[in-house]
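Next up is one chain by itself, shown in structure tokens, the form predicted on its own.
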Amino acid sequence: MKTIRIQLETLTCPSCINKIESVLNKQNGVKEAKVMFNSSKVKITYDSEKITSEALAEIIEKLGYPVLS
């Protein structure tokens, strides 16, 4: 298992947290996704043999939340 932290450009509301966590936690290989509203970061624990960090960032982007590199 690996853990990454992805910095988002911004989060504007608590429902954003639920949306991101819900979608990420349903992905094959994701053990846990937790969004920290105050810092606009997403902490994800995942199996790198099932999903990549790039794929996780892409999922977040597709939800409409820009990821900072």
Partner chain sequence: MVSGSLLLSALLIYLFNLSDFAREIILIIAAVIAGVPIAIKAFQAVRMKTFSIDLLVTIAVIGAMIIGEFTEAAVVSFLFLFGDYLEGRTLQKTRASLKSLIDMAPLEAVILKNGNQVVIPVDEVKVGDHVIVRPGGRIPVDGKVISGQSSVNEAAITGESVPVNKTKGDRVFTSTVSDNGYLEIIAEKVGDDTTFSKIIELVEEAQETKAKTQKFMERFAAYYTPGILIFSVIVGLITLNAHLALTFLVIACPGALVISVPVSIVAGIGNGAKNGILIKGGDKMENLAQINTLVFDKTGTLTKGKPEVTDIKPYGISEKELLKLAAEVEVTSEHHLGKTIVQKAKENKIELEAQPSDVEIMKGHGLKALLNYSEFYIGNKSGAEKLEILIPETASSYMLQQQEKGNTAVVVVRDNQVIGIISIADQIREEAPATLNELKEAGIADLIMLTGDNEQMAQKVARQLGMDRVYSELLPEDKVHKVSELKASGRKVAMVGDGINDAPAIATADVGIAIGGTATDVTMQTADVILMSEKLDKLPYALKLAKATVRNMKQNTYLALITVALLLLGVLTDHIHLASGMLIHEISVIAVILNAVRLVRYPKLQFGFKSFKMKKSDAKVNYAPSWSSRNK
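Remember, predicted model here, so these are calculated numbers, not experimental data. Residue numbers count along the first chain shown, from 1.
Form predicted in complex with the partner chain: not shown, discussed below.
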Taking the partner chain as it sits in the predicted bound form, is A57 near enough to touch it, meaning that at least one heavy atom pair lies within 4.5 angstroms?
no
Evaluate L63 for contact with the partner chain in the predicted bound form, applying a 4.5 angstroms cut-off between non-hydrogen atoms, and reply yes or no.
yes
So in the predicted bound form, does K26 come within 4.5 Å of the partner chain, heavy atom to heavy atom?
yes
Wondering, does V42 line up within 4.5 Å of the partner chain in the predicted bound form on heavy atoms?
no
Which residues in 16-53 have a heavy atom within 4.5 Å of the partner chain in the predicted bound form?
K19, S22, V23, K26, K34, V35, M36, F37, N38, S39, S40, K41, K43
